[in-house]
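Okay, so here's just one chain, in structure tokens, the form predicted on its own.
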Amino acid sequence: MPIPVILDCDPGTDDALAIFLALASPELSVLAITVAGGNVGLEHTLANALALTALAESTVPVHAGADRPLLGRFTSEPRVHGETGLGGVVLSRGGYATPGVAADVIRQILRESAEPVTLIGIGPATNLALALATEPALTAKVAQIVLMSGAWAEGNMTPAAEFNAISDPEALAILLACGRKVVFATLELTAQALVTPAVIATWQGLGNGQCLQAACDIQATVPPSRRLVGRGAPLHDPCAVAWLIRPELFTARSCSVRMDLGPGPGRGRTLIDRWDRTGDPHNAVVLETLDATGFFDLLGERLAVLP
């Protein structure tokens, strides 16, 4: 049976490919796509989510959510995603957002679902945290929470913090304390999903569908990572989706994770205790290694079946 999921995102170049992967995968039943600001402002992330689902000819409802974190404001990353989120690639306008605020919709789906629902978070965790913090009993209806977030070493937004984690660290702390398993695809994991021109060229040879072409065009705009010495661009968000579809492509470790919520330079750090140094109870699973060849084969295969 397909896994029922809610996909919470902030498209975003890598979110675009994650959305395509989720929609193209029969292993998943995408109940809703909820959108927050993050990579760019909500006015752009929402328009991008609507355009991407329309391009995929999907009827999955798209709901607008938080335009700011629990504290402060989101800081966009146009250096990676461009001013409007898709690297300057212009897609035809999609439809309109389905009525309902994201956090309310998440709660409603959890209440009404006959089976536990997996929450996939590939942006700031604001929408998911608002949903669970305002009705904690609904955590019993959550199967697991799968996030692209965090790092056990250096960040990519600050020396301490990964982008999604520092965008709303209080929200991430709420998820870690909610009592459900939280799975992390961290920067160390996503660095192994390194997109090079050769990867894009391989995808381009798989067909001429509009989603496949859009995915290649969008990914081609992403600059090589300075952090990874210019060898390519890490494809972050699809890793979280791929873990649900092909867990055998990954190795993982159960451990404890805490958030640094202080005001100093460590704010947003995910304190990942991979070696049980603190003795804290395990509240998370951290994905550690990735079969990159298998991952890119999976992604190409699924992109090729979309319209």
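Position 1 is the first residue in the sequence shown; the rest follow in order. What you are looking at is a predicted structure, and each value in this text was computed from that prediction instead of being measured.
There is another form of the same protein, the form predicted in complex with a small molecule; it is not shown, and what comes next is about it.
Asks: Looking at the small molecule in the model of the complex, is some heavy atom of each of Asn156, Phe163 and Asp237 within 4.5 Å of it?
Replies: Spot residues vs the small molecule: full contact, yes.
Asks: Using 4.5 Å between non-hydrogen atoms, is Ala215 touching the small molecule in the model of the complex?
Replies: No - in the model of the complex, heavy atoms of Ala215 and the small molecule never come within 4.5 Å of each other.
Asks: Verify the contact flag for Asn39: yes if a non-hydrogen atom of it lies within 4.5 Å of a non-hydrogen atom of the small molecule in the model of the complex, no if not.
Replies: Although the small molecule is absent here, Asn39 would touch it in the model of the complex, with heavy atoms inside 4.5 Å.
Asks: Can Ile120 be called a contact residue for the small molecule in the model of the complex at 4.5 Å between heavy atoms?
Replies: No, Ile120 stays farther than 4.5 Å from the small molecule in the model of the complex.
Asks: Taking heavy atoms and a 4.5 Å cut-off, does Leu86 contact the small molecule in the model of the complex?
Replies: Although the small molecule is absent here, Leu86 would stay clear of it in the model of the complex, with no heavy atoms inside 4.5 Å.
Asks: State the residue from Leu189, Ala131, Met148, Leu175 whose non-hydrogen atoms include one within 4.5 Å of the small molecule in the model of the complex.
Replies: Contact residue from the list: Met148.
Asks: Which one of these stretches, 86 to 94, 201 to 209, 134 to 142, 229 to 237, sits within 4.5 Å of the small molecule in the model of the complex when only heavy atoms are counted?
Replies: After filtering at 4.5 Å, what remains is 229 to 237.
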